[in-house]
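Listed next as structure tokens is one chain, alone, in the form predicted alone.
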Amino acid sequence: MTSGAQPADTHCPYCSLQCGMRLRRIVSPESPGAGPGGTTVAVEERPDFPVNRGALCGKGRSAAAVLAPGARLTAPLVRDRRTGRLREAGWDEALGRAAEGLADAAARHGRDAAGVFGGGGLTNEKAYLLGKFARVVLRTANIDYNGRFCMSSAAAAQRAAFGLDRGLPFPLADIARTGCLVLVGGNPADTMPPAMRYFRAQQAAGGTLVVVDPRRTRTAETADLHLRPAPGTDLALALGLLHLVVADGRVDEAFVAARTTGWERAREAAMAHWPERVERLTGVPVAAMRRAVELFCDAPTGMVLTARGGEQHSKGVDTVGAWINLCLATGRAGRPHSGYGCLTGQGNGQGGREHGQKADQLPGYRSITDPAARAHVAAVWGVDPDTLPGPGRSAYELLDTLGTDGGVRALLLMGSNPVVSAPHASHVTERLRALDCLVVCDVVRSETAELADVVLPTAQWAEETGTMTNLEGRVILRRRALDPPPGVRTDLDVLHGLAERLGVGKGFPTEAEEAFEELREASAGGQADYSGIDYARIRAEDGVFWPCPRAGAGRPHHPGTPRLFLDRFATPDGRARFADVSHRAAAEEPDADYPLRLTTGRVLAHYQSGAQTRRTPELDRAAPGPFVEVHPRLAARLGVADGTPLTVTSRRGSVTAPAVVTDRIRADTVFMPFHWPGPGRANTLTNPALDPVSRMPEFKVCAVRVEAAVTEGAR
């Protein structure tokens, strides 16, 4: 065995931590899964990167497994018009078929009949050019991305409260310095394990951790206090805590007067949620609520972090707004080591929407309805602002109308697997099948790719260069460590090829750094201003925090912005806005036919739809399939034990998976992870009811019934 070139410093392809890692090429022809020339890739620690300091979870350590040829696509596929099956094709044929399908839909049904659906794992350069492709080449309003299912509710609430949203408005390191941390609906011990070092350091320094989660997760087990509300009641809980803050005289009146507006309406709403009422709504005892308020208010500093458990609801924006209210009322915002933040989930969920994948946004976090924003971006793109479309449909609404009159008839889908990840997934699968043309760009033959008319095999994280923006707002550089296999092209190559075939020969570079230079210009002056960031600076500084404007006449080199809001909030008057919110029921509450609540989430071994982690042998062995967590009391009523197949039914369908009997879950709730397709696909059950502001679906709660599955032998 001989080592190849010098190791390449890069970043993990999975979650929003974007942990630093080092890749080393090893020449070993006898190694299973070796690529051309017998090359394999080893993942090594990279202790110098400040986010993870060398720590990697199992997903990160095994990330190179999917680079092996046997685990991924290495040739384009097209659906044979005679047999109806996917077959290998050359790139000219595949790109020609894709361009033909998109152009034909636009010609027959109007420009908005061609659509684009992107992914929160795409680099900033790809997200930027994908948005440009939709608006300049296709001239369609219909572009959105699966990041809508990530932190859109938190983003909308942050914009309403602070005038700007960034996952964390402070570095991760500040978590270790806060006095009390309230974590709502997050389980970083499983979803981003290297982040747990900050939580452990916070407690080791004398801080306290309060976890809000209906399950006793691995994170909750480390907490000083665990509050277990029924799914769908986090909004009531936040209002109840604020009621106690007011009743106990713990409001920071000076901060509220100097740096906020809207307190009186927020106070009135909180006072209507007295503790005993909130206990009835949530199941959280009044004594536990009082203890949470004591811990939060007695500490010198405090933070609230929310994640998908509190956000993926049809009232997710109001829920996050209520938790922000708690921070504002107690003076825990806009101050060092205090504030509200969101634990973004996807690798580039932040940058992916900042620069153009979201239906209503242009690069730099500009609104697509703002004439000045349209003029600025159109000038960078060299087009007439009047040719840019307006806002399109949100992610689920786009998927819901696929193949219908007035909906999208041809779809370019890049880096997403909605057959597994979308709510009401059986319906979404039907809509994908109804398309006149589906073009999928992916690294693996995912469940969504199986439905496509054209599948384009694209390069992976280690085979291309590009920037990502992690949950702190730190723009980092993933470096190319090896060449893609023969027959595989980068997503930038794909967009260039499609644009060329659709009559736009310029403006779609295939080199990432060239694309980033244009992105800098497009973002300049926007809220997410990257104009002062370049590749050389990212390399030298291990990432740069946005906003970072370009230096100019009378304006010195900008250091980046690790901490937002210390002097003023990003609103016109510099004051934060309280949210005027009250509790309301989930879109679907338990009843006689569906007496239980279902909540969903992730497990340690897998990531999102599992398209890559399920193809990693080590991870697949650790978590080989779906399951249903049920409380022992429910298991006794059903007469089932560990491993008994259970059928879970909602108003949208039924799934079957083995029982895991545990007191980790509430007795009135069942839990399923959502990483698997087929009979155990959790998102067959989930409710697509949307938040009226963020258009986030209600993944985290729906009404279900559970019964022992009827086996073939019992029929």
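Position 1 is the first residue in the sequence shown; the rest follow in order. Keep in mind that what you see is a predicted model, and the values were worked out from it rather than measured.
In what follows, reference is made to the form predicted together with a small molecule, a form of this protein that is not presented.
- Contact with the small molecule, judged by heavy atoms within 4.5 Å in the predicted bound form, is confined among 97 to 105, 443 to 451, 331 to 339, 202 to 210 to 443 to 451.
- The shortest heavy atom separation between residue 666 and the small molecule in the predicted bound form exceeds 4.5 Å.
- Although the partner is absent from this view, residue 695 stays clear of the small molecule in the predicted bound form, with no non-hydrogen atom inside 4.5 angstroms.
- With a 4.5 Å cutoff on heavy atoms, residue 354 does not count as touching the small molecule in the predicted bound form; it lies far away.
- Contact between residue 15 and the small molecule in the predicted bound form is found at the 4.5 Å heavy atom cutoff.
- Taking a 4.5 Å heavy atom cutoff to the small molecule in the predicted bound form, the contact residue among 282, 346, 158, 531 is 346.
- Of the residues given (302, 363, 415, 115), 415 alone sits with a heavy atom within 4.5 Å of the small molecule in the predicted bound form.
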